[in-house]
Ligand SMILES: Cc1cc2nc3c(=O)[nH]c(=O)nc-3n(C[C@H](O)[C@H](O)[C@H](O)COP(=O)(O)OP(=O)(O)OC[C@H]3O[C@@H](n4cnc5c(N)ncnc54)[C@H](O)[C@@H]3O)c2cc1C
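Okay, so here's just one chain, in structure tokens, the form predicted alone.
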């Protein structure tokens, strides 16, 4: 049996790459270090799972994100515009709240996926069922270039083992690549430094969500949108479902990762609820439940250098691999998109480009038989 193409990383980019490769008739193995799929996409919900809150990416823009919009349609998912009807709150450094009578509409408008962005992950996972072998809880610790294959050093709960691949699509962030993977032959130091200097998108951020029995802020004429110069939440939005019946607010935490670590999530939650009370009134202090997701505390998302605040949106590019690896390994992930880096669209765009280039080279790469020392895939 021929060697598989191995996709490293089970986030949106990795799942999409695996889907495209399977559609092209390739044998694919997808490896994910987490026990769950989705990477930085994470949706948290009630027990009935009717409405889930996005603790990672929340929005896409159909007018600017044709790949995401197309995937939403292909998977049969529903999407709805971000709620903006009503006044915007502006909180000053002194905690004084100023009311701006309207919330300015984004152009183009931002949309959310009904049931949370995790629906994208679940939809792709369902498409791969029985077609692509998926290993979760499995870390890639090294890649070795062999004459007719790439050998992956893997580690899971049962120990260390190896897997050979015909080609590899690598979707994990550049900083984690150079931090966590040992390459043989080693990559040139200037390239390694360039990867170290590439921020992992969203890795230093944290989000706070609060769920309520009803959207009381709408009743008071607020849109749920707020900007704050005091914090701890720097930017707040309505996170309710399309009907507004499942009511929620979410905020981007403006405090630094060091500050968040220092005070702990319980204290951060108390500060965030006190802020929501200042802005939206007493009812904001009595949510049904709350959650904090601090991505800087996730070692499979953030490197140590990702804990530094970003002054602006990073400039990303497709990246390069050393010449020796050029027919064996392709880079994907949102940090590998020059056009939409840092967005869901970039994750899909980079995966599509990597698969396109891989398939174009596929006939030039000789296959090899699986090593007798590696585990046999089903």
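Positions refer to the first chain, counted from 1. Being a predicted model, the structure only gives us computed values, none of them experimental.
Missing here is the form predicted in complex with this ligand; even so, the following discussion is about that form.
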{"item": "Contact test in the predicted bound form: residue 224 vs this ligand, heavy atoms, 4.5 Å", "value": "no"}
{"item": "Non-hydrogen atom contact residue 325 with this ligand in the predicted bound form at 4.5 angstroms", "value": "no"}
{"item": "Close approach of residue 198 to this ligand in the predicted bound form, 4.5 Å, heavy atom", "value": "no"}
{"item": "4.5 angstroms heavy atom contact with this ligand in the predicted bound form for residue 349", "value": "no"}
{"item": "Interface segment, criterion being heavy atoms within 4.5 Å of this ligand in the predicted bound form, picked from 185-193, 267-275, 304-312, 131-139", "value": "131-139"}
{"item": "Stretch 326-344 - residues with a heavy atom within 4.5 Å of this ligand in the predicted bound form", "value": "333, 334, 342, 343, 344"}
